[in-house]
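Below: one protein chain in two forms, given as structure tokens, structure 1 then structure 2.
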Structure 1
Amino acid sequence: MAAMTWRPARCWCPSLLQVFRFQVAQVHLGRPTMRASQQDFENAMNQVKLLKKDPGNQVKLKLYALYKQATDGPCNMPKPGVFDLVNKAKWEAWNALGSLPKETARQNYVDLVSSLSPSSEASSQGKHEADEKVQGSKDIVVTSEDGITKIVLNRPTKKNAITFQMYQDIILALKNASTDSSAITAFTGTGDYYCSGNDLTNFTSASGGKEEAASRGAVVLREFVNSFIDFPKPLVAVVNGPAVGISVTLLGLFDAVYASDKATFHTPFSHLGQSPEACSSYTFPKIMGSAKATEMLLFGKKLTAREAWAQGLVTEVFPESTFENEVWTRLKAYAKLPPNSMRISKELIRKNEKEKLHAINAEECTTLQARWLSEECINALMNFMSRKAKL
């Protein structure tokens, strides 16, 4: 089978040239920030004809799939035979988009062409600046190597407590990771802690009235958790030390959780007058049973790594002395697996619960917004900050 040949005069909208060995490109399925018009779409198709450099088979497959989705909707053709490699590649690329709306596919097509076209320098620069915002953040460090995008909480002097800016940086990091060339995305922490949860100065230093601050916080939290619910690739937590609050509750949305034997897991919501978040009111009872979930979420019981493993919250526990080497060696091996196969398998595992998780996230955020305004929560936070100041 001959490899694809570059021909600038051809557009890969209605057809593709021959393909030999491919990986179906992953397409970001999130809500676009703007809608491309039909004219934008047609202009993008014309821009493709002007490209002087062959963008590669993977991009051509993505262009083909987005074009078909934008014009015909979800894949409606029978799957080609196993030996019809060219049409099978095209069919799988199109079929992988599922029920992606035509408008979103059209916008994604325009965005992709814009990133390839030298005439779209301003657009490419905008994306570059967005990437740099995460890469250059001192509190969130993002690297990509050996097929793994690593998102590192890098605030060790504050036990990697999460600020509002870090929430935004993580949302952006996940958005970028969903469409980059990596196969797996992993979270970990710098220093002794994995993450100590929310930086409580988020509550004490918020600008505006308390109602406005609570409303804004609920919106950010909902968007943050949604970015984990919708993330299309395998998502792994590498828990290098103690984890508190939201860094624990989010684990129910990860695909694998590897922990050092020095890690602990603590959700002291009642101590702070608050309530569960990150869909843990649903995922924790499902993972560990109602009684054990109640001990954690209501009574604030702290689990050791071994206890968390026994209750199903952690996938595997490693000795601290070999933790880093063993975990990253394993993840590098996993990252060599066919990436689109892993993405499709994850979608099959998760798709029946996505709508439910979004509804639960919305309800939890609404409840938390009310809790943040309650006298009970305000007093609990003040007492906690006062005790902390005396230490």
Structure 2
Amino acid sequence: MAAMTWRPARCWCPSLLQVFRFQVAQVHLGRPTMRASQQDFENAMNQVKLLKKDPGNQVKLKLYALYKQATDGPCNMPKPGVFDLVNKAKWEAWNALGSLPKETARQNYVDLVSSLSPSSEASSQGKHEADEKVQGSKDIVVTSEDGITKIVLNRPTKKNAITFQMYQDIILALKNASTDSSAITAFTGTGDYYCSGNDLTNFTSASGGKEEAASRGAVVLREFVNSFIDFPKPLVAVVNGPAVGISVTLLGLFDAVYASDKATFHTPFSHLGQSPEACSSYTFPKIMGSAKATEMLLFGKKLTAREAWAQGLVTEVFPESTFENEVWTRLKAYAKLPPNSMRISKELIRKNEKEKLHAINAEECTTLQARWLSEECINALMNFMSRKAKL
């Protein structure tokens, strides 16, 4: 009988589903046929292999944990080492099930797989395709009217977390906006969040080793932030909800920041084993003083919209009920002002800092590249990924 083996991850972030499918295939072939519910269980295992869409790391960890609990009972393996990221996340997911009976785990596994089954997947896929047809949407939607180019973070199911592709999309959107006919460019988010910052699975789902992922991240981040430093037109953030991480630090490079009173501003860099980016190590002390900047960037203090306004990070706070209407009405009026005059005035305000900002950006990216490889950061990312498996 093929034993269920505990395989060290070949590289720090293989796709969990690939590893999971391989291990299930190994065990499935060797298992003798057992009771009818075991048959449902094995059918469910086959269904997992037929999934067209990656169900996401959280679901894969849950599937793995339920599979192990149903076949081997409570977690009986030694905890993997801190750098054995994938197996550590899997161990934690399995261990979190405690003494859940095998039959219950088996039933939960079958139920979870049936919720991912091709029929339900097709309906959600159909819905997604329908959405794409209606909105023509990607994760970044760009529109231009009334003299305003609007760059919308459109990934509400993930709180508008920014993927590597979205970074590239935004760089291109800013490049196009810098020369289009609009007078002002504005950023905002779809759904209840403005943006929950960098997608924390960017590094765990990247192909290649962790060094390669960190190096790529630093290159992308540097180009991304430079596109904000060099943007020639008035750049306005319309913060419609909570903002986290890079979506907050970037605000120091915007020309105006209008926030709903339900917005919050959070930079949990120390919690994530990371360090400040988007020139915030310079702009935040300059805007709010070093003590307030320390509270945000080192201690991760989350600010309300009014606190962010009091510290100079937000230009004006609006009641949620009138936020969209008031802000866009105002920006449409501003967009009617002579565009060349606004562009030239912005250049006068920003030109003395540009070279310095580019140098600060480069240093922050180098620092972050090292942080992303640190044990503190790797642990924090794995904790984030496996946090729901513990529920």
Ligand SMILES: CCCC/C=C/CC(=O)SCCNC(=O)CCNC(=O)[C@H](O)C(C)(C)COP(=O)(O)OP(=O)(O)OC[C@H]1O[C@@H](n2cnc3c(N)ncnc32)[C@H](O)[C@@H]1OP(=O)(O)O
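Keep in mind that this is a model prediction, so the values were computed, not measured. Sequence positions of structure 1, starting at 1, serve as the residue numbers. By rigid core we mean the largest C-alpha set that fits within 1.5 Å across both forms.
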{"item": "Form selected (criterion: the form predicted on its own)", "value": "1"}
{"item": "Residue 42 C-alpha relocation of at least 2 Å between the two structures, rigid core basis", "value": "yes"}
{"item": "Residue 95: Cα shift of 2 Å or greater between the two structures (core-aligned)", "value": "yes"}
{"item": "Rigid core fit then residue 249 CA moved by 2 Å or more between the two structures", "value": "no"}
{"item": "Residue 62: CA movement between the two structures [superposed on rigid core, Å]", "value": "58.6"}
